[in-house]
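In structure tokens, the next block holds one chain alone, the form predicted on its own.
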């Protein structure tokens, strides 16, 4: 790992479905399982409710990595929501490849409410991978960067 990446702490946005993944995150927290504090969780009713533009917007607003967590296929509270997510995210990954965003900056994981340890493990692994990639420089809005001054 380079010197530049050693002090780098990536900003991670995690979209978590209410019924499984968010409950898994809650279980990880209540079980005192360690995962980085720079993972910002956004609770959504179902993983299928995340529009691909939300992922692009997260990158634009300064995220270095975006992970989508939902119920395991076949266990969705809304019966087929995660199947739509899987198809939608596959198309989004192709679009991000076209834009030049490294494939390791996005990920989809299925985490149930009883898998707190798995949630912590997935987040630790994802943060490690994004840290190795370094800061996101492909899609950024200069207004979100702290060193940017108005008028530049």
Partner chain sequence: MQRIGVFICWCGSNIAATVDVKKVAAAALNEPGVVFSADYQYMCSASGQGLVKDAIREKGLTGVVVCSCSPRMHEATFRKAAESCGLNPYMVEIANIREHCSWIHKDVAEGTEKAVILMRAAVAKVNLNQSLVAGKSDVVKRALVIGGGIAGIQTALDIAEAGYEVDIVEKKPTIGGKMAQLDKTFPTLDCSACILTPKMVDAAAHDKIKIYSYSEVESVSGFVGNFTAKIRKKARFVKEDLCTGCGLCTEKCPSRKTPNEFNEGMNTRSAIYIPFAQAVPKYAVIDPAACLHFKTGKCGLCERTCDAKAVDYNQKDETIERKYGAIVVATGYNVIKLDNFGEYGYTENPDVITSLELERIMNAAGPTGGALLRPSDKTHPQKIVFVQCVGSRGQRPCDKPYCSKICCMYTAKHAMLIREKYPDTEVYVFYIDVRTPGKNFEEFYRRAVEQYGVHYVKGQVGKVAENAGKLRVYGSDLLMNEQIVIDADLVVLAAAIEPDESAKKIATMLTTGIDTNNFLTEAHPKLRPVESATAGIFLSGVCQGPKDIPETVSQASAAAVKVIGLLAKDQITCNPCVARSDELLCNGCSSCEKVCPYGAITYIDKEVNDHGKREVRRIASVNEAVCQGCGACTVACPSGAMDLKGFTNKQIMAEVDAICR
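Residue numbers count along the first chain shown, from 1. Since the model is a prediction, treat every value here as computed from it, not as a measurement.
The protein also exists as the form predicted in complex with the partner chain; that form is not presented, and the subsequent description refers to it.
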Original post:
Using 4.5 Å between non-hydrogen atoms, is residue 88 touching the partner chain in the model of the complex?
Top reply: yes
Original post:
residue 122: heavy atom within 4.5 Å of the partner chain in the model of the complex?
Top reply: no
**OP:** Give a yes or no for residue 11: in the model of the complex, does one of its heavy atoms lie within 4.5 Å of a heavy atom belonging to the partner chain?
**Re:** yes
Original post:
Is residue 25 one of the residues lying within 4.5 Å of the partner chain in the model of the complex, judged by heavy atom distances?
Top reply: yes
Subject >> Those residues of 78 to 98 which, in the model of the complex, come within 4.5 Å of the partner chain by heavy atom >> reply: 78, 79, 80, 84, 88
